[in-house]
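First comes one chain, alone, set out as structure tokens in the form predicted alone.
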Amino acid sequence: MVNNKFKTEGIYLAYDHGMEHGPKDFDEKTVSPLSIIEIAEKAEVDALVLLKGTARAYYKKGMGVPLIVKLNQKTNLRSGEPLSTQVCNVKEAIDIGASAVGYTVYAGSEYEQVMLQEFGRIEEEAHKYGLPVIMWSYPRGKAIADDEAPEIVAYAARIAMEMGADIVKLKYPNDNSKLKWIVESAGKTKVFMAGGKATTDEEFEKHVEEVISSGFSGVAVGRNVWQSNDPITRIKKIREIIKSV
């Protein structure tokens, strides 16, 4: 069993973009994982999301910021229906220093069954070790006309709950009138808002306030923080919003 004090609420700093997006999201500073780890430590985020290669090379056990290892991944170099398969197992993640593990499921893809089966095995194994399991629940594929529609986001929340996820990471819907229904659809699974595409600081902070007041447990943000001019101040502002709502 893992001695785990992992928080299922708050701010998770995501840096799992490098494989799926390539280096286009990075500048000369953020291309180095050390710069992101420095932000995570100074801002005292509640967790840091990394892929296994980055975690093994740069994450130090006992650094004070809990580690989430993302267990599946894909590139964007191929076209067609989305499929992201397992590239790291739970034991390997624990050996690297993980306090929790994550996995993306693209429900609606013609390959959804592959990802659901892998997630099921991961959930079972991780819980035997006492690790929380996070589902990045992103309906996507030709069957999904609008992955930000509130009924689709609510469906994504329900999938995570039914599959046994402790936490679900969801897109912000394009209609915020159903935020509480999305939370209710997740049952006892904690709901986090994904940082998502770039937006203004003001708009992002408004979204954070809206989701937290509707029952979300936190945010998992990457580019909207570490692409800013002052990432640490941005994180502190987001934390203030979460605490004040």
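Everything numeric here is computed off the predicted structure, so don't read it as measured data. Just count from 1 along the sequence shown to find any residue number.
There is another form of the same protein, the form predicted in complex with a small molecule; it is not shown, and what comes next is about it.
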Report the residue, out of 208, 182, 69, 220, that has at least one non-hydrogen atom within 4.5 angstroms of the small molecule in the predicted bound form.
220
Indicate whether the small molecule has at least one heavy atom within 4.5 Å of a heavy atom of residue 119 in the predicted bound form.
no
Just checking whether residue 196 would be counted as a contact of the small molecule in the predicted bound form - the rule being heavy atoms within 4.5 angstroms.
yes
Just to confirm, residue 136 within 4.5 Å of the small molecule in the predicted bound form by heavy atoms?
yes
Answer yes if any heavy atom of residue 9 is within 4.5 Å of a heavy atom of the small molecule in the predicted bound form; otherwise answer no.
no
Testing 108 to 116, 84 to 92, 122 to 130, 164 to 172 against the small molecule in the predicted bound form with a 4.5 Å heavy atom criterion leaves exactly one stretch, namely 164 to 172
